[in-house]
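Here we start with a single chain on its own, the form predicted alone, put down as structure tokens.
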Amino acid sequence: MIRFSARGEYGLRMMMDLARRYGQGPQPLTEVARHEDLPAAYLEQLVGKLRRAGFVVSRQGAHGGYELARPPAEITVGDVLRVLEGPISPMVCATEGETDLLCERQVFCSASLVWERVRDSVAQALDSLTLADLVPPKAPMAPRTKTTGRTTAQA
């Protein structure tokens, strides 16, 4: 079973919240935590890793906070999860990017092909989704009429 930890889930939710507010300036982490119903102290730990990896930037001061360093369409789910969780690794012999982690059975193990295909399929799925894909633009609201206050779709 491939399972991601709370670190990956919470970090991805935080990044999605920042993607929703992309272009609106830095967002206080307490607000992100409130929007996503997540512990702010834990997000502080996660945002440091994402900042060091170049996915978020921070600003100090009264109007400070965090924002995406790049547009949401340029950050994949795979990017975020690799920073927070490490390489994709269904089994030690099929760890993404690692050639030094050899299993003693790897030379004659037929199952390694399965693990490599699982790794590659998961990586492809995660890398094919961007934050923009997960946070589609909001639909414009229908204009209100002056006399009733109802939207034109309701009238």
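Note that residue numbering follows the sequence shown and begins at 1. For clarity, every value in this text was computed on a predicted model and none was experimentally measured.
Same protein, other form: the form predicted together with another copy of the chain, not shown, and the subject of what follows.
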Which of 49 to 57, 62 to 70, 23 to 31, 89 to 97 sits within 4.5 Å of another copy of the chain in the predicted bound form, heavy atom basis: 89 to 97
Contact test in the predicted bound form: Glu44 vs another copy of the chain, heavy atoms, 4.5 Å: no
Would Ile75 sit within 4.5 Å of another copy of the chain in the predicted bound form, counting heavy atoms only? no
Heavy atom of Leu129 within 4.5 Å of another copy of the chain in the predicted bound form: yes
So in the predicted bound form, does Ala125 come within 4.5 Å of another copy of the chain, heavy atom to heavy atom? yes
Checked 34 to 54 against another copy of the chain in the predicted bound form; residues with a heavy atom within 4.5 Å, sequence order, are His35, Glu36
